[in-house]
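One chain comes next, on its own, written out as structure tokens in the form predicted on its own.
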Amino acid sequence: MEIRKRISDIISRKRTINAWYALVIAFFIILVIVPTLFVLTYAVTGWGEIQGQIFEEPADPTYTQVRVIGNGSFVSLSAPSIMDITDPEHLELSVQTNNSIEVVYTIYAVDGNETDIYYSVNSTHTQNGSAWVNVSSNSTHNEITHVGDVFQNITVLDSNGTFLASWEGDLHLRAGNEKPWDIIMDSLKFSFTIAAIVTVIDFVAGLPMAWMMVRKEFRGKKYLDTLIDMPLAIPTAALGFSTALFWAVTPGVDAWGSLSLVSSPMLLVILLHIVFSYPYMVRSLSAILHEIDINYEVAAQTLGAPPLTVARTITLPLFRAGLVTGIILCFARSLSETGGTMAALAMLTPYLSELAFPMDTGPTLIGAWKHAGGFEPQLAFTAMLLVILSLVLLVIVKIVIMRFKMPLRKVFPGPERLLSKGIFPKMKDWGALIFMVIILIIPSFFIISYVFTGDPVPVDWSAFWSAMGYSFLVAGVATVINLIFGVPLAIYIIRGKNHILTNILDVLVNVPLIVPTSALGISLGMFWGSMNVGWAIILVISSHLAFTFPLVVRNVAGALEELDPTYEETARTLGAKPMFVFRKVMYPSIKFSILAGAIMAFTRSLGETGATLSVVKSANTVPVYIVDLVKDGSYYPAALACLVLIIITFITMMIMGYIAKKEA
């Protein structure tokens, strides 16, 4: 007992508390913010390249005449110096020869390292005269995907394979005729428009669901509560595939029960992003609603106010912190989504060349450029714009909502009393349920239809269970670390005395949520790759901390903003130590927000694909395993693996909820 008291005294000292907060802030800055923004250093060091490759008009393709003479053979080739890889007319090398020859055309890395081959093609010419080398042999003319400066080599052999001569030189590959600046601006407009629409829909549809989950009791509530979180556990690429399969007109792909109604890329992306972001809005609003004292509502109804008036004039004004959290999470989730959007657009328009840029969001444009290679200036510049614009917009949103007096204080007794009884509340509840089932649940799980309608094929279950254990280990460790450091950071942001520092930290917490997954993966890969850490799992866990840490902080901070600090101050005045105040006063009031943040962090880590592959390409997680199956066209094994993952995640969420309620 004496030892416990001494430990409590040491922990409660002001010096110890300040040291702990300093450690928490250092953890946040060094292991979350710096890795997230590390890619932006290229925007500073490579500004000259950014100016040259983004703001300047693309140069026209040019060719140089090359003559090769050896062993009595004469060969003339039209070798490119600048080539547009999206134009089939610019993907041919013209050849004139007076003998039977073989031409080997190879594109190497820019430094001429022959171990890094971007492209190679052999072409045999058995007759004298003119011919050509088909540089890209497929119908989309997108076999060469690298863009930027490279190194080319032309080697000529005679009909017996004897070396005759070779020529080499620099080559610049570009994609399309549109200036990169225009492409980036169009994609950003598309991204912000979709994010705004999705956020409004999430709030309108999510508020009734949050209210029902907190204020009402009904049979099956705990199962519905778990279903809301299930889409967060499905890998993003698989979720994009499943949603597109349900809604979109998908050429060459049939599934029983598919609606096949959507042919608009924008509408499909909106429907997909609602699936991603809706749970964040419901969880954020539910967490705040848990903290609002229901006695205010009871008192108002006792005085004769109808339920709609009570909700509009008393409860909703207390919702502002939760609304800010929900808007930030939903807007940022839509703005940063990459893998699922790319998969959905690819299914809707499979005939379009990846580098033709038919309709991209900012993140999918980054994903396409990243896959193509050679877009370092464009990647850095696009990521920088996304971060800056998102931060400015979200700060404005937070200021407007917190200062906006909502809702209007004017009361409409007659209409509001009518809308508060009879069929109208039932229509509201059933409308929320129907929306969730049709827009969220069915599209999320539609991939499972392959399990029942597809042709069964063998599944490598040993690989699946190995990936499952790896994923749960990464998600579990990342969530525990997030709770250890995220809860204290949230407390400091809301209760800290240094308002300048707390405001800065409050803004920085949103940064990892805003950075697109593809750009975040590049940044994390650059940062952690330079650390030369031997164990891959440490790299994966460290990278997952960056995009899950803010989920815990935002939820806890939102709850703390609604918690009256008078109770804590009273407890301290009566002699209670800081740890006692946290355990007995603060924690009981914010535990549901802590649980909501933990669930979001766990499921977000469990379903992440892009950032994981960017850091460790061979990471053995379930999302990587399933996405590889989808890419290989193994839809039945992917659907079966998704079904098992959903069942396991459902059970895990039920256990977490049971433990939390038991402790309550």
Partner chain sequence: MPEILMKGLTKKFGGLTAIDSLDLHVKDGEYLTILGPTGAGKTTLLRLIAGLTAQDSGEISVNGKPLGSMPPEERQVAFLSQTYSLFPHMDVWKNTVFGPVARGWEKKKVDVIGREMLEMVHLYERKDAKPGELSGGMQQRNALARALCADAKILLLDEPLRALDARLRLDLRYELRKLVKDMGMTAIHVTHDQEEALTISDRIIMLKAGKIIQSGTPQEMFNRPVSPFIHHFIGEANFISGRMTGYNDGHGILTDELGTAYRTAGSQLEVGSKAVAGIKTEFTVLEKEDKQGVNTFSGIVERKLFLGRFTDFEVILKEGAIVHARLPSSVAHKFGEGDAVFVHYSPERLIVFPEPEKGLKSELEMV
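Because the structure is a prediction, the values reported are computed rather than measured. Positions refer to the first chain, counted from 1.
As for the form predicted in complex with the partner chain, it is not shown, yet the points below apply to it.
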Proximity of residue 476 to the partner chain in the predicted bound form, heavy atoms at 4.5 Å: no
Residue 572 within 4.5 Å of the partner chain in the predicted bound form, heavy atoms: yes
Classify residue 496 as contacting or not contacting the partner chain in the predicted bound form by the rule of any non-hydrogen atom within 4.5 angstroms, answering yes or no. no
Check residue 384 for me: does it contact the partner chain in the predicted bound form (non-hydrogen atoms, 4.5 angstroms)? no
Please name which of the stretches 559-567, 200-208, 278-286, 545-553 has residues with heavy atoms lying within 4.5 Å of the partner chain in the predicted bound form. 559-567
Position in contact with the partner chain when the complex is considered in the predicted bound form, options 257, 220, 469, 588, heavy atoms within 4.5 Å: 588
Though the partner chain is not shown, can you say which of 580, 190, 435, 464 has a heavy atom within 4.5 Å of it in the predicted bound form? 580
